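In structure tokens, one chain follows: the form predicted alone.
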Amino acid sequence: MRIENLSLAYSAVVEVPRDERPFPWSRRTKKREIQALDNVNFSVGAGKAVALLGGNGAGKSTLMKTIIGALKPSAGRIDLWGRPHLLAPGLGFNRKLSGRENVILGGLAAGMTLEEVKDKAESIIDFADIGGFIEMPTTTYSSGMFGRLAFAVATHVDPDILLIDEALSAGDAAFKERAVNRVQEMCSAARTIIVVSHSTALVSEMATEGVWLHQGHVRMQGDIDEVSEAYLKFQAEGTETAQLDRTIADR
């Protein structure tokens, strides 16, 4: 997978700050053009796992959605060698249905045939390891249980490119270890993995390379330990700001 000169901007309507209004009690809005991604460049080879690091609003989730085609870039290109699948909490699931029913639904939504889902259903359920809750509505699940099931479904789809967006943030230590092992197995099978998580410890176990996004552009990329260390130092300095603070123009 290769990303070249990728940019994405969008418009948002925001409320004018009180001190900028003609009368403090009045309400006014204005359109702001937000640069969500700004000339992003990096590549990920087959059999590699790369972590995306960055604060809230850095552009990580926007980049993931652009890779799978859910968002259209303003400029640049994305070259994919294989089928991508985005693993995000709840993607393709119906919270009113049971875990078992969501295994079927999630598998179909990810591109599996009904026969493939049926063949892999028990393996998926065993990997999720949520016991009798598999027969209960997912509205009864904790965030960790829901994440387990979503991860189990996605990693049994066998996509060429797996994008993991914060899906393991609520899992327990034992499951995270199994998830890391599963990602390493997929890398050994020449899959491409991109993982997003606020946990630098988790991504350091899953990935060997890191890409640090800050306000829509790549601030640093390279060895995951070096990128993580630089990002943690940056966080400790208290200089992280949300993407909305960086706009193209007000209209």
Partner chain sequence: MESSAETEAPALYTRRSTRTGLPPMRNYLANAWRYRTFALYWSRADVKARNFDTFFGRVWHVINPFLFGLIYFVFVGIIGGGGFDDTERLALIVGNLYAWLFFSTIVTTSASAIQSGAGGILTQSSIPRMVLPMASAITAANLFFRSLLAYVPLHVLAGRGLHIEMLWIPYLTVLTMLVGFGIALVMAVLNVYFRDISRLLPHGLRLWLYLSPVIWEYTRVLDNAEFAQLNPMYPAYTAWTVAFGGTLDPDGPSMLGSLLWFTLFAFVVIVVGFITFASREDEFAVRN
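Basically, rigid core = biggest C-alpha set you can superpose within 1.5 Å across the two forms. A quick note: this is a predicted structure, and the numbers were derived from the prediction, not measured. Positions refer to the first chain, counted from 1.
The protein also exists as the form predicted in complex with the partner chain; that form is not presented, and the subsequent description refers to it.
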| query | finding |
| --- | --- |
| Site check 35, 174 and 219: each within 4.5 Å of the partner chain in the model of the complex by heavy atom | no |
| Residue among 180, 104, 136, 130 with a heavy atom within 4.5 Å of the partner chain in the model of the complex | 104 |
| The partner chain: the contacting residue among 44, 67, 202, 187 in the model of the complex [heavy atom, 4.5 Å] | 67 |
| Residue 191: touches the partner chain in the model of the complex, heavy atom cutoff 4.5 angstroms | yes |
| 4.5 angstroms heavy atom contact with the partner chain in the model of the complex for residue 142 | no |
| In the model of the complex, residue 74 touching the partner chain (heavy atom, 4.5 Å) | yes |
| Non-hydrogen atom contact residue 123 with the partner chain in the model of the complex at 4.5 angstroms | no |
| Residues within stretch 125-140 having a non-hydrogen atom within 4.5 Å of the partner chain in the model of the complex | none |
| Residue 73: Cα shift of 2 Å or greater between this form and the one not shown (core-aligned) | no |
| Is_shifted residue 137 between this form and the one not shown (CA, 2 Å cut-off, rigid core) | yes |
| Core-aligned C-alpha movement of residue 160 between this form and the one not shown reaching 2 Å | no |
